[in-house]
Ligand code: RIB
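Just the one chain here, the form predicted on its own, laid out as C-alpha cells.
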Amino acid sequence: MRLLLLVAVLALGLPMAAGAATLVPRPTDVIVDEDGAVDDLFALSLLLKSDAVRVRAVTISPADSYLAPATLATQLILDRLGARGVSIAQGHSEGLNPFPAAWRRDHAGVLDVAALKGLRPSGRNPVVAEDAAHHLARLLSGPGTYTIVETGPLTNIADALRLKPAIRAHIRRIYVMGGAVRVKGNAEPPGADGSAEWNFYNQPRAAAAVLGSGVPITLVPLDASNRVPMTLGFADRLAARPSAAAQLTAQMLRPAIAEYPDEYYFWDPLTAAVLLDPGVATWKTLRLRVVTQGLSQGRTVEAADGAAVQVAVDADRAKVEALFLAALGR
C-alpha cells in the first residue's frame, strides 16, 4: 500500500509529508485580474492568506479606480500580507462605458487608511514594463496552467486571448464577478436600461468574447452577490481579530460600507470565496450570452445558443462571512 502511495505521489508530482503517509496538495497557481476598488483588494487579501492558492500575478484595469492609486494599493497590500515575487501589470483601457469618476476617485481613499498611509512599495512585487494583456499572454504561454480570478471588467483577458488564442489551453478556469442573469442590473447611467452589471457594462464585447472563448467559466453574478450584503457589523467582527490582515481589511472596508449603507455587497470577495469553497454558493449550469450594443449592452441573457457557464445563483451569507473571518483572522 505504501509503495502504491509513493508511485501515485511521484506520478502526480505532489509533495509528500515526512513518513510518506500524508499527501500535501500543491496550491493552485492563480492570476488575479482586478480594477483596484476596495472589494477587489479585499478579495485579493483573502487569496493571499489562503494556503490553497498561490497568487502568481496581478493584472489591473483602470475601471472602478484610476490606474495609479489602484496599482499602488495593490503593491502595498501584497507587501503588507507577505507576498513576494508577484508580478503586477497594468492595463490601459478604460472601457467603452467608463465607471463614474466619483467612484473612481473615492477608491483612492484606501491609501489613507492607517495600515497603508505613507507607505511606499518594497519592490518585492514589481510592476513590469509590459502591459497587462501582453503579460497575461506571456505567462499563459509557458508550460504551466493557471486559474484566473476576475474581479474587474474582462478587457485584459479578452485582449490577451486575442493576442494569443492558444493560451486558452493554459487556463484551467476563470472565476468571473460579473453579470446579472435573473435579477436587475446595477449599471444605470444615461443611455442604459439598467439590465447590465457594471463589469460587463464597462466593456460588453470583452465579456462576450471571454464567455464565448471555450475557456471554462464560473460566473458570480449579482444573483448571488445580492444575497450577501457587507455590513459594518461584519467589519467590526473582522476588526476584533488581532491579525494584521484582519486589521488592514477592516480599515479598508469601513469607509466604503459607511458611504453606501445597505448598498454594499460581497461582489468581488464572493468570487474569491467560491474558488476556495464552492459550498458557499448554489450552482446551476446555464447557457449565456452577453448583449454587446444598444440600451441593454452588457446584459447577461439566457439563450439556447449561449455558452455553457457554471453560475452561482445564490450564496450563504453565514458561510461566506465565516470563511473570511477564519482566513484573515489567523
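These numbers come from a predicted model, not from an experiment. All residue numbers refer to positions in the sequence shown, first residue = 1.
Although it is not shown, the form predicted together with the named molecule is what the next lines describe.
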- request: Just give me the single entry in L48, V274, L288, A37 that has a non-hydrogen atom within 4.5 angstroms of the named molecule in the predicted bound form.
  value: A37
- prompt: From the list Y146, Y175, F99, F234, which entry has a heavy atom within 4.5 Å of the named molecule in the predicted bound form?
  reply: F99
- request: Within 4.5 Å of the named molecule in the predicted bound form, counting heavy atoms only, one of 39-47, 280-288, 298-306, 54-62 shows up; tell me which.
  value: 39-47
query: Is there any non-hydrogen atom of N186 lying within 4.5 Å of the named molecule in the predicted bound form?
result: yes
query: Would N199 show up as a contact with the named molecule in the predicted bound form if we use heavy atoms at 4.5 Å?
result: yes
message: Whether T151 contacts the named molecule in the predicted bound form should be assessed with a 4.5 Å heavy atom distance threshold; does it?
response: yes
message: Given a 4.5 Å distance limit between heavy atoms, list every residue of 255-269 close to the named molecule in the predicted bound form, or none if there are none.
response: W267, D268
